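So this first bit is one chain, no partners, the form predicted on its own, shown in structure tokens.
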């Protein structure tokens, strides 16, 4: 929404995270997701969910695709079906290949109390992520962005995953193409405003 200049209201909602951190450390969650009104919108009780003038949608990458098609097809995929398909492919890949490992990393490094963390689980998650980030690094040796020569919707979820990868206090091999692309993503005004702050990713 920030990339395409849409006005929006942002409501913090979660069953597991709150102002004082993860519920495993005794904090209270932001809530909202367990209320009857929210469950009517999203029966899963998860975030995110959007209400675009009465059109309700959940699942983050579906939301990105919808916003791109509805509000900014030229900006976010050049109004070209093949660019849309290529960007969409990387969004599906992000969900399948990066989400699980990164969730484990954030739990083991940040959210769980220290006495509940397992170094073996942490290392397995780090190892799990090396291959897909290597694949992304190789792909970015062929084009400036994931779907070609221009920024698209496909760079949005991957940019968040790369940001966390570089914020985590873990060992990482050099990946020059990934690093070059990540540097470009970090310069985008929407990224600076909504994503860059480490507290959004490392608050426990």
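Residue numbers count along the first chain shown, from 1. Please read all numbers here as calculations on a predicted model, not as lab measurements.
Just so you know, the form predicted together with a small molecule exists too; it's not on screen, but the next bit is about it.
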Stretch from 65 to 73, 42 to 50, 166 to 174, 136 to 144 whose residues place a heavy atom within 4.5 Å of the small molecule in the model of the complex:
42 to 50
Answer key, the small molecule contact in the model of the complex at 4.5 Å (heavy atoms) among 196, 12, 190, 15: the residue is 15
Scan 85, 112, 130, 99 and let me know which has any heavy atom within 4.5 Å of the small molecule in the model of the complex.
99
Heavy atoms within 4.5 Å of the small molecule in the model of the complex: does residue 179 have any?
no
With a 4.5 Å heavy atom cut-off, would you call residue 158 a contact of the small molecule in the model of the complex?
no
Counting only non-hydrogen atoms and a 4.5 angstroms cut-off, does residue 33 reach the small molecule in the model of the complex?
yes
